[in-house]
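One chain comes next, on its own, written as structure tokens: the form predicted on its own.
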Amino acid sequence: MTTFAIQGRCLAVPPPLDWREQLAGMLGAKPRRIGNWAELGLYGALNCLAEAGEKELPPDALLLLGSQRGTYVPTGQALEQMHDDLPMPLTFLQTQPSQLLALLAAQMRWRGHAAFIAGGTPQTLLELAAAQCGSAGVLLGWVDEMEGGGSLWLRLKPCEISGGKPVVASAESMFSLEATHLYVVGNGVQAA
């Protein structure tokens, strides 16, 4: 069993109305040449790190990002543009979910292991984290721009087993404010 303590979180589902202004304030300028999906991800990840009291991710921490639909909207736009010609370069770039990983790494001055997983669940992302992370833990994100958008992030660090009574974790309970610890037991995830 692997136990993670939740050190920080961002639960922006949907994000606040002024989230773009907040993001510009965190970055010191309005982001350029990135799409809505990447902006949502940056917003959530930076808020999560701030709540954890970190400005940078330790070099040996993991950065794992997942999404049910990924960059669905810009991919649709690129396909529409292909009816007439090649997609516009910025539209094509916005279809690449790993762009967010590079943006985060640059913002946090971080070099390490990062991965994007499409179509799974937050629980499978946590299971991957349990198999790969060391003592520095993981910054785990789940971003989706459909239905109002959402940017869910957890800063997790491995720890000893806590005294709480764990229950089977749904995606909602993983990201709930009540959860303080997450457990990966065999092929399942539990929260306490």
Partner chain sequence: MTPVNIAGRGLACSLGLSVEQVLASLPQTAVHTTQVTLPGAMAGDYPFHAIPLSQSDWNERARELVQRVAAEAGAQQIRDGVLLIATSSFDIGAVERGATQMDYQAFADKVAAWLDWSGPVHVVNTACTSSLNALLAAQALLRSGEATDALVLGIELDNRLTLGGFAALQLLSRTGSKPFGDQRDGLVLGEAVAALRLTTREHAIWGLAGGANVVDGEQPTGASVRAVKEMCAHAFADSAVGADAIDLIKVQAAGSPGNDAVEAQGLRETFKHMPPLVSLKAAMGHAMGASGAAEIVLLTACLERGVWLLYEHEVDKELGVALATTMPQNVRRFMATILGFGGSHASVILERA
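These figures come from a predicted structure and were not determined experimentally. Positions refer to the first chain, counted from 1.
Below, we turn to the form predicted in complex with the partner chain, even though it does not appear here.
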item	value
is_contact(residue 70, the partner chain) in the predicted complex, heavy atom dist at most 4.5 Å	yes
Contact test in the predicted complex: residue 128 vs the partner chain, heavy atoms, 4.5 Å	yes
4.5 Å heavy atom contact, residue 132 to the partner chain in the predicted complex	yes
Contact of residue 124 with the partner chain in the predicted complex (heavy atom, 4.5 Å)	yes
Residues of stretch 104 to 119 in contact with the partner chain in the predicted complex (4.5 Å, non-hydrogen atom)	105, 106, 110, 111, 112, 113, 114, 115, 116, 117, 118, 119
